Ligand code: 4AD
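Only one chain is included here, represented as structure tokens and corresponding to the form predicted alone.
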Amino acid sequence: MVSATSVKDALQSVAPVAALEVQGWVRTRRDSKDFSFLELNDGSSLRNLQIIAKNTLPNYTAIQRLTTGASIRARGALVASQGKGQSWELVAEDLQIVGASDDSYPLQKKGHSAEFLREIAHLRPRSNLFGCVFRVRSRLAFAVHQFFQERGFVYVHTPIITGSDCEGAGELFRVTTLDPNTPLRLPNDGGIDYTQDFFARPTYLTVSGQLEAEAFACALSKVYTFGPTFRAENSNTSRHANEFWMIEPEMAFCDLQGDMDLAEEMVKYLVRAIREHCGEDLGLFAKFVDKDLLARLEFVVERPFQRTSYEEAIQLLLASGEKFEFPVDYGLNLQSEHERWLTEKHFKCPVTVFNYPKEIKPFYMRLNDDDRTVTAMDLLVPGIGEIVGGSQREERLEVLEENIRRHKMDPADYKWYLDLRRYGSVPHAGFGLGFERMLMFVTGVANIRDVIPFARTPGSAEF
């Protein structure tokens, strides 16, 4: 029995092969007097392998009825192709129809809009564009692990169900087994009695694995998480989703400078990895999605990143003369349009902005000596804006307790987190890299819904 060979490996063959088996889905079929020519794709490559089916095959009549989307298995000789644009083709000695496809198959040999393809998310990986997107996604995930493993980081699996609101913003999906129609309530309208719930307390889908990663960094020194996170944020922009993946390293004995160094090094590393291993897929993005993509990726790899304080960034924006949709003022968050102006028009390269006002950042960030700013940093890239957000964490117990109270949170809810400052506290830092935003950056794809297999956005959880 001949084991199946991927289309990618068949196309990369250095010599003819007498007996080869391939399997996949038919992209197109055309017929001549004595042959049918099938374009086969199995997802391993952007390119198709041409299968030549002779009219002497016993099921040739059925082969002539094959339509786009049908699945087949073909066995025969891999020979040099006589056609243009392809090195090899397979002359089938045996061709089995595994699964037929009828005329209602929605993917045809023509351009389809991104909006239409989102409606058939279960089939869009079979399209050229989305095949490329998800091969790059796979390779990028592999590169993330390579980056940290090469640097001695320990991979930690942090919980998806949590009792902590890491960001303090309250945009949480609640996890409960209580009957929503008849929840048990405390006397005198004291609210829902969560002691009767599954975990005997309010619990949520995690917005970040950072707090738990800090606990492990305070034992293993350098750790990282890489998993799904959830935000119940009613945002319908091209950059936001309610379920997305985050990469979150945490480092003991590290300050803001070391944090910024690692974030910038990581972005460069990931871009290099995709350029090295996904050239064919990047070629499609550069041709059909973003013609400036390859030049921008090369620029990121070759040029040093710029750094500027938040206060300096505000001054640059105010002096720019640009008409922004959102206001610019000290004490306000930078919006995507501000971030893109800094990266695309002013610095013309990725920018790391640091030392933000304490009022607009979460409780866990270390307070600077000026008592006005915290040791926060955001890494901004052209075309996207913020791609990394991080900080040096507050390691001083009394200051952290005051931060929690200032954010109108209860220190008692964070006893275990405060314990890390009681028992051998050290300066430590970390950041979060949005995996989908990184994918958007390296592919040029403009909408986060198109780099996630099945996007979860407000009003959308169909698949």
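Predicted model, so just to flag it, every value in this text is computed and none were measured. Residue positions are given as counts along the sequence shown, with the first one as 1.
The protein also exists as the form predicted in complex with the ligand; that form is not presented, and the subsequent description refers to it.
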{"query": "Residue among 217, 334, 241, 271 with a heavy atom within 4.5 Å of the ligand in the predicted bound form", "finding": "241"}
{"query": "164, 308, 221, 208 - the one with a heavy atom within 4.5 Å of the ligand in the predicted bound form", "finding": "208"}
{"query": "Heavy atom of residue 248 within 4.5 Å of the ligand in the predicted bound form", "finding": "yes"}
{"query": "The ligand contact at residue 131 in the predicted bound form, heavy atom, 4.5 Å", "finding": "no"}
{"query": "Partner contact for residue 89 in the predicted bound form: the ligand, 4.5 angstroms, heavy atom", "finding": "no"}
{"query": "Exercise: residue 338 in contact with the ligand in the predicted bound form, heavy atom 4.5 Å", "finding": "no"}
{"query": "Interface segment, criterion being heavy atoms within 4.5 Å of the ligand in the predicted bound form, picked from 72 to 80, 298 to 306, 386 to 394, 173 to 181", "finding": "386 to 394"}
{"query": "Complete contact of 233, 364 and 430 with the ligand in the predicted bound form (any heavy atom, 4.5 Å)", "finding": "yes"}
{"query": "Heavy atom contacts to the ligand in the predicted bound form at 4.5 Å, residues of 437 to 463 in sequence order", "finding": "437, 448"}
